[in-house]
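In the block that follows, a single chain appears as structure tokens, in the form predicted alone.
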């Protein structure tokens, strides 16, 4: 039997649609998301333009009956962090013993919510730096290419992480496996904390941030605050220069609008509480100063409220 027999994307927005679309070329995939987007996919397929230029045909699960109950299903969470608990409740009726749960969400703490409701077995986390922009129902743009990293939260699930890494690579999503997924998640948090709020406040695309020395200086300060917070919480970060990594993401996704900017433009709630807000929470009780992260959280919330 093929592995896995079925992949369900929980929260098929921009990133979830991208992952589900490519995975549908190597295994059966169902998308759970907003009805208008899924109906467009069901009628005409999922069109991805940009770096990837192709139309894919994953199953659009508009109603529960569209999701076949199968053991060994892999649930990939790409839903917004503030909707993780609701997402877990939504899929609970489809879950079987032996199923696998992979979070590719922004921010930290999503895996804790999943484990709280679904147990410790088969829980994986991952990060990706692909730049994906939602254009209209049934159409997304692949604006920036990046690496994806997957790791198990328990050593007993390392083999599952290896299998999923192979699946992603066969689908054309360049992926590697890690035994330090916590550090990788925090590394992605550093990148998101430094880029997303700045773009959301200014309305700039990622590459445009590089044109302003003052903003790049701010990026550096944010990176330093989050790095210090991670170390204060005994998080082992990957052995790389995090500022250089963040600037590399800006360069490799120049035309991309960050997910936070997309949320602001569409009048939706952002994930600021799971990103910079999370940094502020993790800094509590330590001697680490996070004034910039605190300020960016407040500023994004103000812009978010104004756009509603």
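Numbering follows the first chain given and starts at 1. Keep in mind it's a predicted model, so treat the numbers as computed, not measured. Note that the rigid core is defined as the largest set of C-alphas that superpose within 1.5 Å between two forms.
What follows is about the form predicted together with another copy of the chain, which we do not show.
Contact with another copy of the chain in the model of the complex, defined as a heavy atom within 4.5 Å, is made by none of 116, 124 and 157.
Stretch-level contact analysis of 199 to 207, 180 to 188, 138 to 146, 108 to 116 against another copy of the chain in the model of the complex, using heavy atoms and a 4.5 Å limit, identifies 199 to 207. Residue-level contacts in the model of the complex: of 217, 120, 89, 174, one residue has a heavy atom within 4.5 Å of another copy of the chain, and it is 217. Another copy of the chain is not drawn, but in the model of the complex it has no heavy atom within 4.5 Å of residue 82. The shortest heavy atom separation between residue 22 and another copy of the chain in the model of the complex exceeds 4.5 Å.
Using a 4.5 Å cutoff between non-hydrogen atoms, residue 299 counts as a contact of another copy of the chain in the model of the complex. Remark: residue 295 counts among the residues lining another copy of the chain in the model of the complex, judged by a heavy atom distance of 4.5 Å or less. A displacement of 2 angstroms or greater separates the C-alpha positions of residue 295 between this form and the one not shown, with the rigid core held in common. Core-superposed comparison between this form and the one not shown: the Cα of residue 86 travels less than 2 Å.
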